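Next up is one chain by itself, shown in structure tokens, the form predicted on its own.
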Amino acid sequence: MAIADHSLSIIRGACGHDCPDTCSWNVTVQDGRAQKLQGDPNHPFTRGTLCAKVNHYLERVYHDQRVSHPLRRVGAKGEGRFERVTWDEALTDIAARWMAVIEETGAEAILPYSSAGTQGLIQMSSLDRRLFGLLGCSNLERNICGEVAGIGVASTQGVGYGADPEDLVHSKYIVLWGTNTIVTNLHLWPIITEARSRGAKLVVIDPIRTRTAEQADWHLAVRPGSDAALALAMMHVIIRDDLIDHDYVERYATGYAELVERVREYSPEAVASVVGLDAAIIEQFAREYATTAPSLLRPLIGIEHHRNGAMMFRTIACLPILIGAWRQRGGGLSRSTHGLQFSTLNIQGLLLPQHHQPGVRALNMRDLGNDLCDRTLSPPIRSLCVYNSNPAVSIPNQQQIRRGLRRDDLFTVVHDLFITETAKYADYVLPATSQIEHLDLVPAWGHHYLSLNRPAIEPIGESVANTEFFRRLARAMGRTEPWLFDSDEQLIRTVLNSQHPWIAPITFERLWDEGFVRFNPERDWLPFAEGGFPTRSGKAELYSSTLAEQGLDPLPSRGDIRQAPAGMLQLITGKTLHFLNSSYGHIERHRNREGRLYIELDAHDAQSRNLIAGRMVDVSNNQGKITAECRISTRVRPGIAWMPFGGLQDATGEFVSANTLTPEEPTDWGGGSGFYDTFVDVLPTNGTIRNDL
């Protein structure tokens, strides 16, 4: 379907950013140019409001640094010097080089690298998976965010999803666990506010006194990585004081007797020093949670970025089982809705896995730096195709990644809107469309509405959507399989062609007309009120034989809680209002609002290191070094330093970010990365802060 050609029109769409809210928006277009982008007031969850970033989305679309034509490198890798070429020139060269790589060392030497730069389903994962799967290129395990949390929860209850986030309005006891909701899940906050007006108590568990924690009724500032120990102490109290819903546990859970034995050693007194809370506080919290119904846990991504992240989610998921919180609307656990939505959509038809080459190796996106520099990897990575991602900023072990990208024998292709830090090392940079220039189907991981994003304007310059990029690549490589050339509309219709009853009322035509449709028509949906856990046993598994078979602890445990080496601080990073990883970092308005890069420390930690507020400090470890402004803060516990994640440069103007300091260490299971188990020295520097950043 073509873009509306009226002189003045309003086109419905949806934000494709990696955010649980997936805001619905309306774009006002006049004479082919977008004049205004506003939230859609008719959307039941996002209600017409947009975040501080997306309010200025059109500045991103029409930015003068936008890549609008294919570019070929003419300078050294990392310099970011390019010349304009045609699409035919670029594609012919790329195809010739890739076919040579495939002939010489096999297609596994080509690594497609993408993430959640757009979370629209069609532009994020469709024709790219078909093409690279058919060729037999290395598979990429995209587990850097969300997978650990999902698999941790699923090891207890069979799936990673839970209660409808909109049902928080019915809760009487809400625990936001490792989530700064006001900043990263803005549209859930009015629902929480309404629940509080009805008498709900809000508890926030976070090592940092975030904006959300400041608004809570109770903030529990736990030590980083100790969340499972806190949950086990809560279970100790709940079992000891017989606050169990015995009927629910007997009917719908397995392993209770083993769990009782496990938690004996986790009394509040025993874990107080580990968690960093007084035993009396733990006692009070456990009793309030177990005796106030309905009670709901809302853990998001925060705690998964520890090396014991999966175990923390697995352990926390046991709590609502013990007290039967799943029986009531507004009770249980509410996390990402992605898994539920994907289970209703025809994802297999979209990806066509039956056409992929079998036995192809998989490389974890977390390990990009080491994989690029590993000469023993067989075959070595000889070509990298990056889209929907800027790994030189957003992936750990940043300096190693940049060393790998500088390899003279690495052929790198980047498809993006801007010359990102990764694109500076590319041999070709190809222009990508923004969200208002392409068609897409946009699920959400924070609510149950499926949106259609309609293109509001023609692509800027010669930019093309991801799907068109891969059609062109397939054609340049001489492929003729018709399913490599499906249109975006065909792909969306394929995804919607599902037998699941929740998808039945959702059609392409209805989405085109209405913009969004709710998945689940049942407003009182209670996923596990009567059990029905999709585990091997059919019950919630307090003891998991599946984990035991994998050589993992079958019972909830505290996991491996990392401790700071003597004299070092644990570095925690967090999202900010105006940057989304590296996105928006090039826009002056957002840079000015964020200001220079800073690090927050407790006053005692600053004093013991002779650090002065407002002065420059070097933040370093064996991974690298960043320079930042020192800020003395009551928001952080002693022993912790906090730094914003994202942006493009430190306080001196160097193009380094927090991931200069993060190691490439795996989580316990789930394939994630222990970003937050990073330890740093913070020392004075003689440098000078640039006031123009």
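Predicted model, so just to flag it, every value in this text is computed and none were measured. Note that residue numbering begins at 1 and tracks the sequence as displayed.
The form predicted together with a small molecule is left out here; the points below concern that form.
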Looking at the small molecule in the model of the complex, is some heavy atom of each of His170, Thr254 and Thr337 within 4.5 Å of it? no
Would you point out which of 193-201, 389-397, 240-248, 125-133 contains residues with a non-hydrogen atom within 4.5 Å of the small molecule in the model of the complex? 389-397
Does any part of Pro20 reach within 4.5 Å of the small molecule in the model of the complex? Heavy atoms only, please. yes
Even though the small molecule is not shown here, does Gly574 get within 4.5 Å of it in the model of the complex, heavy atoms only? yes
His43, heavy atom within 4.5 angstroms of the small molecule in the model of the complex: no
Thr179 near the small molecule in the model of the complex, any heavy atom under 4.5 Å? yes
Identify, from the list Asp206, Glu108, Glu147, Asp488, the residue with a heavy atom within 4.5 Å of the small molecule in the model of the complex. Asp206
Option touching the small molecule, based on a heavy atom within 4.5 Å in the model of the complex, out of Leu511, Leu300, Leu277, Ala154: Leu300
